[in-house]
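Heads up, the chain below is alone and in the form predicted on its own; it's given as structure tokens.
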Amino acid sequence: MVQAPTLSNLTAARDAYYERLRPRSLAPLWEVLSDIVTPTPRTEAVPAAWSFSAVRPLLLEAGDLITAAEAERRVLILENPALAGQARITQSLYAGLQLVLPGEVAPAHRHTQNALRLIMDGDSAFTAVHGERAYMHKHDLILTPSWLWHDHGNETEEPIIWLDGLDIPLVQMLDASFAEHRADRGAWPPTRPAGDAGHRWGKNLRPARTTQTQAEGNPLLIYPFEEWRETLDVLSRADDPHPHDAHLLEFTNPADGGAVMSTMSAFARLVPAGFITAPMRSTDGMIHVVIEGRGELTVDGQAFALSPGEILVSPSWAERSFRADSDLVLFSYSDRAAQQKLALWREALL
């Protein structure tokens, strides 16, 4: 039997014990338990903001330096300042601004990561999913679900820029990334009439008999801005603003009524002029894009001025509140869909 160490040499005995564990790939839980099972969420991500008007010229400069074919996707990543080099805006989500110049095609590929895109600048370029084109207009929401072939093309005379939101860090954490590229590095041949995407399953209707499978994701590839902006107006006229949310809508999948993507949720919000939302927290770190209006977002006591084109991140469990100086319209996305499937999502209304 090993003789119990005395109090005077207990620390040294423990250190020697831990040294014997390391070569065996063992570690004492009691040394790290409070750091890995925490009373409330902890994240390395910090609140941050980017101005689209400041990033746009840098993205156009990239257009002079590298072609869409060379880059595959010509994108400037919005990296959380506390997660430099990790291609993350939160611990689980990615954000980037992508440029396609006139006459360019970003070649077809597919990957297990889900992607959503909010159009920031330009008009009438397209995203094609399995050859089904969705023509882009400013502030439209476009989806490219997991493992579906997609490409982007710009047949106009002006650049097109959009915000990419993907679950890259989440898929990376799960070691579940797969990707394929079209052999000819070109676009997918058209399979439906131009402009057909997004209208087959709109207006809260779907075919009574459909071959849609869960693996194919959301059949509605585009949520036009003119439609979701009008819905916000209707909601604001019909109901008083919620004290914490103001007027908040979630984009939904018409096939099942759930979130737009299997891992990501997307939202539209209208905060009426003069309204201040009560503080709240939620476990999903959120990326916000200001569409219209001016005001302020306060995240854990840090105030960010809001104006059209601002892109902001409020990390997991950060206290947040919006103030609207004029009617404030925002688009947001988060990993709430994944958290809710795993029964992890929580909020605190303060």
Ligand code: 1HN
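Since the model is a prediction, treat every value here as computed from it, not as a measurement. Sequential numbering from 1, following the sequence displayed.
Same protein, other form: the form predicted together with this ligand, not shown, and the subject of what follows.
- Contact with this ligand in the predicted bound form, judged by any heavy atom within 4.5 Å, is made by just one of R88, H150, R133, H247: H150.
- Checking R229, H109, R269, K138 against this ligand in the predicted bound form, a heavy atom within 4.5 Å turns up for just one residue: H109.
- Contact check at 4.5 Å (heavy atoms) against this ligand in the predicted bound form: all three of Y94, D164 and I168 pass.
- Comparing 230-238, 69-77, 273-281, 255-263 against this ligand in the predicted bound form, the single stretch with non-hydrogen atoms within 4.5 angstroms of it is 69-77.
- The closest non-hydrogen atom of S146 lies beyond 4.5 Å of this ligand in the predicted bound form.
- In the predicted bound form, this ligand sits beyond 4.5 Å of every heavy atom of Q172.
- At least one heavy atom of Q98 is located within 4.5 Å of this ligand in the predicted bound form.
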